[in-house]
Structure formats: C-alpha cells, structure tokens
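Quick setup: one chain, the form predicted alone, written in structure tokens, and binding and motion questions come after.
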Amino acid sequence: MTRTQKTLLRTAISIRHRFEVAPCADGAVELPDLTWRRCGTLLRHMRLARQRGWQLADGRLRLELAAILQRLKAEVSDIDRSLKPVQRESRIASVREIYGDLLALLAEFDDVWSDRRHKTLSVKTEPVELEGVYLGPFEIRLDWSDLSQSQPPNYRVVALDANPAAANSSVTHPHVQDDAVCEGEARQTIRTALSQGRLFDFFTIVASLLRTYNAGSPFVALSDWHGVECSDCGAMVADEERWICEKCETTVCGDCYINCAACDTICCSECLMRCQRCDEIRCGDCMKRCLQCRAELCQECLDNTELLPAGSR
C-alpha cells in the first residue's frame, strides 16, 4: 500500500468514526440575512425605477428579485428542516466504501488532499469557463467534523484563481457567493450523499454545479460579469455600455445618462437640476441663482431677468 493510500485509509476510518459520534444539533439557527438584505435593495431600486418611468430597468429588477426570493425560500426551508428531529433514512457507508470513494476521487480530480488535524477533505477542479467568462479552478473543501444530517452542509467552494464579478467581489461564480454555492435542485441530493457518507457522489455533484450555468438564478448573471451597477436605476451595466457622469464620476447605463442641454456634459440624475422658470434640465454648473428671486435658473432665463445690483434688496 502506497503512502497516499495509507493516508486515504486513515482518513476513511476517521470520517466513518464521525458518523458514530456526530453530536446532536445544538439548536443554533442562522437566518439568511444576506439574501434578505439583497431583497430589500432590489425593492428600493424597483421603486426608484417606477418613479422615474424606467420600464426596462424595472423589468430586469423584477426578474432578479424573483430569483432571489426563490433562494430565500430554499434557505428558510433549510432552517425549518434543521429544527426537526434527525432521522437517518438509510445506512451509512462503510469504511471500505468511503475508502473506495476516496480512491475514485483521485482518478476524477487532479488534486485531492486531506487534513485530518482540521478534519477537512478537499478536491481541486479544473479551470472553469462559462460562456466565455474565465472563472478559474475551485477548491471544494468539506469539513467532516460534523456530518450529522441535522446540520447544513459544512463545505466551502473557494476560487483559487478568482475572477469575481465586477459589481460584487464576493461572487466568484454565478452560483457562488462568500464561498457558499447555490445548490438549487441539487440541494437534497447533496444532503443525502453527505448524510450517507457517499463522498464521491458529493464532490462530483458540486463540481458539476460549478461547470453549469442556470440563467434563472445567478447571484450575478454572466452577461453582467464585467459590468457595474447603474447609480440611477440599479441595473447592471456591461463595460461597453457604461457611461461615466462627468460631474461625480459614477456609472450610469444608456437608459439613464442625460446630456446637459447647455454644455452637453454627460450627467447622472443626481448632478442635474431643473430650471425653476422654463423647466429645462441643466447640470449644476450651468445653473445660477437669481439675486432677485433666489430661484435656480438656466443662463437663458437668467439673461431675460432684470437683476438687481449685487448686495441690493
């Protein structure tokens, strides 16, 4: 038996032992705060889009909110399941079967390593590229210190050559945020594989998720990977479609940017003002305060106003 095989056998024995001594759930519950806050952000952007009549942006935001709400429902369902009594539905894999899975992982992945001290088992995927977007290789790291079915999956998906989304550096894959993967329909399959000690199935399922793209429920869509958020409507803007406000240097999309009618400067909504006499829109630099009526006026309206000398009342 080679040194690698001996290491894997010891790992298999340790993992199997954890099923026998796995502690009961301690009752700790983590609420899906991150997903909830994202829902609130999208709702605020939708209200702004409706107020300003941005129908295209409103439609995009509605689709994104629908996908986030589905994720929120799944996370709440996980919490509900974690509060119920633990019931194992089938037998746990034997030491021999776990060892066989570890050997199979060596054949499936280029790199497999075990840290028995920290009770982790990791595999490294090949570099992932989806629809022309390079995302790099990922480490799927399983913490097998507690494999009880009552606990959420203790594994992370870590980008080893990260190319995160431009709008959110915590998103390293359309379905990975903060090293946690959105499992979608594979959620229960992953739970079952882990609860039964079927490690080969677990790692290959997660690796398969990383090789696929579900346009219906990404944290950041691949089409927006190199984009940034429009400061006005909140929509994601690809690099080639972004405009920069020449006053405050924020990013705006093609639907939101406005040229000042006086100086032709590209502006976002926050850097524009409306003349209180003719109702035309100008940038702040092209507006002046009338010394007589104190109103903000464009230069044309100001020229047609008889001003009092400076300092007079």
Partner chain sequence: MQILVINNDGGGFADYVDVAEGTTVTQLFQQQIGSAQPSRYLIRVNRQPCAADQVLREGDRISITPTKIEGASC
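Just so it is clear, the structure is predicted and the values come from calculations on it, not from any experiment. Residue numbers count along the first chain shown, from 1.
The form predicted together with the partner chain is left out here; the points below concern that form.
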Checklist entry - Using heavy atoms and a 4.5 Å limit, would one call residue 117 a contact residue for the partner chain in the model of the complex? => result no
Next on the checklist: Can you tell me whether residue 227 touches the partner chain? I mean in the model of the complex, with a 4.5 angstroms heavy atom cut-off.
Outcome noted: no
Next on the checklist: residue 232 versus the partner chain, in the model of the complex: is there a non-hydrogen atom within 4.5 Å?
Outcome noted: no
Next on the checklist: residue 141 versus the partner chain, in the model of the complex: is there a non-hydrogen atom within 4.5 Å?
Outcome noted: no
Checklist entry - Looking at the partner chain in the model of the complex, is some heavy atom of each of 70, 182 and 214 within 4.5 Å of it? => result yes
Checklist entry - Of the residues 157, 237, 209, 123, which one places a heavy atom within 4.5 Å of the partner chain in the model of the complex? => result 209
Next on the checklist: Exactly one residue in 131, 80, 161, 108 has a non-hydrogen atom within 4.5 Å of the partner chain in the model of the complex; which is it?
Outcome noted: 108
Item to check | Heavy atom within 4.5 Å of the partner chain in the model of the complex - qualifying residues of 172-191 | outcome: 174, 175, 182, 183, 184, 185, 186, 188, 189
Checklist entry - If the CA atoms of residue 63 and residue 165 move by 3 Å or more in the model of the complex, do they move toward each other or away, so closer or farther than here? => result closer
Item to check | Closer or farther in the model of the complex, the Cα atoms of residue 68 and residue 213, when the shift from this form is 3 Å or more | outcome: farther
